[in-house]
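Only one chain is shown below, in structure tokens, and it's the form predicted on its own.
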């Protein structure tokens, strides 16, 4: 009696055809609207009260290198996702691990940035705007880091290959969104005060 030939499970939909990808796209659009409202509050007060509304010219000492760290994390996550599509599992796991590590470093540096602020959330409307906006972003980074940790674990367990890695692509989409949001926050809170 011959054993039945081994058959691989069918590969589900990938890329832009997955329900997960469309679900994450909806989340990104929803959360993008949230940050648009938060940044609108900043610009509204600046237009109403002018430069005096901002209590200090923001320091770039921590924020600038932290921005570079977050952007690098996005590059490594992209590298990991790209390696998954090519079937290079070691590079895929390495890219995810480095991206996750850089994301965690970003959170730690941002905590130091918060500690050094001479104002609090309740001291001024600027303080409220700053801490609420950056706080929401930190929460999103923390969620993204958790997602990266999950797909890294699945990657190490061998759950992904060149055809089946939709979960990795979905996590990467969210991570790139988080990085893009930070660029708008960095430009708004840290760079526009230098523009006059």
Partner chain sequence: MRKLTPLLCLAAASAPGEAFADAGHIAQWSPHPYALLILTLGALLYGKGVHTIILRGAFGRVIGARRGACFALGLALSYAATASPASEWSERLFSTHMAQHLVLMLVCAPLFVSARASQAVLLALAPALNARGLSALLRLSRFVAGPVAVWLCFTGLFLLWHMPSLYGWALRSESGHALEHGSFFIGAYGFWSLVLAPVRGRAPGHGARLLFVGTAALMSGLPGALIALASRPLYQIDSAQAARLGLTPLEDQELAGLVMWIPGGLAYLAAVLGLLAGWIGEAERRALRRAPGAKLSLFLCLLFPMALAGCDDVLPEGSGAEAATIYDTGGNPQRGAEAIAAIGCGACHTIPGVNGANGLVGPPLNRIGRRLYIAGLLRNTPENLEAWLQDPQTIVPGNVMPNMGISKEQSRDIAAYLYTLR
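Residue numbers count along the first chain shown, from 1. Since the structure is predicted, the reported quantities are computational estimates derived from the model, not experimental observations.
From this point on, the text means the form predicted in complex with the partner chain, which you will not see here.
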Quiz item: Taking the shortest heavy atom distance, is residue 158 within 4.5 Å of the partner chain in the predicted bound form?
Solution: no
Quiz item: Would residue 46 count as a contact of the partner chain in the predicted bound form, using a 4.5 angstroms cut-off between non-hydrogen atoms?
Solution: yes
Quiz item: Does residue 29 reach the partner chain in the predicted bound form, with heavy atoms at most 4.5 Å apart?
Solution: yes
Quiz item: Though only this chain appears here, would residue 139 touch the partner chain in the predicted bound form if you measure heavy atom gaps against 4.5 Å?
Solution: no
Self-check item: Triple contact flag 55, 112 and 114 to the partner chain in the predicted bound form, non-hydrogen atom at 4.5 angstroms
Solution: no
Quiz item: Heavy atom within 4.5 Å of the partner chain in the predicted bound form: which of 146, 153, 36, 68?
Solution: 36
Quiz item: Which one, 165-173, 57-65, 126-134, 38-46, holds residues whose non-hydrogen atoms are within 4.5 Å of the partner chain in the predicted bound form?
Solution: 38-46
Quiz item: Going by the partner chain in the predicted bound form, which residues of 50-79 come within 4.5 Å of it through any heavy atom?
Solution: 50
